[in-house]
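Below sits a lone chain in structure tokens, taken as the form predicted alone.
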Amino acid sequence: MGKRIIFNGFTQCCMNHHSEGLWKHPQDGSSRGYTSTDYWVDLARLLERGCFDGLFLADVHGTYNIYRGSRDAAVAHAVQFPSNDPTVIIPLMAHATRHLGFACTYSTTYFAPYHCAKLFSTLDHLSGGRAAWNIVTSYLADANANFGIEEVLSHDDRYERAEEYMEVCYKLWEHSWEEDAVVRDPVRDMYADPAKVHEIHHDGTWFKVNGPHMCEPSPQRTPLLFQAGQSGRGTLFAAKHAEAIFSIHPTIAASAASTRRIHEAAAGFGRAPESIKICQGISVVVAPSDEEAQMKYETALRYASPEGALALFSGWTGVDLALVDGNRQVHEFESNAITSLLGFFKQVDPARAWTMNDIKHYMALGSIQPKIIGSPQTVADELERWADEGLVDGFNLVPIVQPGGFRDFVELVVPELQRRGRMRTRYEGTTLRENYFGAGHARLPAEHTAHTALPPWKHAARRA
């Protein structure tokens, strides 16, 4: 029996964010449901019934406006637009569930760290310790303009700024309130002991924050920390801060190589490999038989919007893919972004002479996530291969049709994985961090970088 596999549902507060055009599918409920509280509450209950660890909510604050020099294709094909704010629906879903965790994307570029710390402490309180933060530095140009940001930092400078951002958040979450600061003493007419609530006095390159933190310590203090950077600088950031990494690799071999690099980088920060969980993005189409699953996939293709997929990928790469002749082989073009793009797809199929037309059809469903299509047994076999050979700890499940793809997985694949001992049959802890690391692990471990610089009161506590 192999290791238990982590599972998160992955979506956004929009319609089918990784399968452009599938809002037209007769079995898709996201186009009308995503603005409804019932839709999200039902989805949370479904995932908890399937013993999922969490629901991961992506988010963006701008439009994909590179393709054909405008956002028109993104708007027409509903490419992560329109999209609502995920933070406000988490308390609704948490109220309807007891164990499912909730991760959401929140940008270090657009929001002050003081506000971020308050928001996630609040979410952690209201969910009973089931909140997670997917840390991003953001990249969409018109999103920067929406927040009045005129000077756009380079990729690596955004990460340097994010380093200090994390330092501020850690000071607020971990070092502002002592563990026994809340006394609730009616005799002394004292709710919290002022001597045990501390200002943080942060004065750095990017931020000046005095504190103290507005919120008393939540069940996890610091939310579970997700990160998705796969660049060289992003990998270092994740190795230092992340407890879970959202990865997207085209093959099992590429996944294994990346995991080894992350573990090596984590060791440089004094962290054990098991302190970071790797969650691979994956799209699954499942039916009672392989033949039915393939038919379901081919039916879905008829509703896809390949141009929407190109609008999405143009936004990711910063290259207007409309200018690339669809019938020419990608390796003929000289562009750093195109070269990176080709490298990704060469791993998918090294023998194939990829054209842009090939790529847009590959991405039409599930974008660049690897696809597993088949019966419950076939799907479970392939997920086990990714876990055992690809060295991943879990998956962010990206269904092609929502919420039906989640329901198919819960009803067909979950029982097969539970039979194999690869998926839990019940929850053991109460917090999201315990879902990932086991009962009794509700707080950040002592070796995490958040605890590197101790405030005076913690030094005194250790001496005592």
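Just so you know, these numbers come straight off a predicted model, no measurement behind them. One rule holds for the numbers: they count along the sequence shown, beginning at 1.
Omitted here: the form predicted in complex with another copy of the chain. The next part is about that form.
Taking Gly270, Gly232, Pro288, Pro82 one by one, only a single residue has any non-hydrogen atom within 4.5 Å of another copy of the chain in the predicted bound form, and it is Pro82. Scanning Ala353, Val152, Val88, Ala253 against another copy of the chain in the predicted bound form with a 4.5 Å heavy atom cut-off leaves one residue, Val88. In the predicted bound form, at least one heavy atom of Glu199 sits within 4.5 Å of a heavy atom of another copy of the chain. Remark: Arg71 counts among the residues lining another copy of the chain in the predicted bound form, judged by a heavy atom distance of 4.5 Å or less. Within this chain, Gln294 is remote from the site of another copy of the chain in the predicted bound form, having no heavy atom within 4.5 Å.
Residue contact check for Arg98: none of its heavy atoms lie within 4.5 Å of another copy of the chain in the predicted bound form. Against another copy of the chain in the predicted bound form, the set Lys24, Val75 and Trp177 is in full contact: each member has a heavy atom within 4.5 Å.
Across the options 58-66, 400-408, 432-440, 414-422, residues that bring heavy atoms within 4.5 Å of another copy of the chain in the predicted bound form belong to 58-66. Scanning 197-215 for heavy atoms within 4.5 Å of another copy of the chain in the predicted bound form gives Val197, His198, Glu199, Lys208, Val209, Asn210, Gly211, Pro212, His213, Met214, Cys215 in sequence order.
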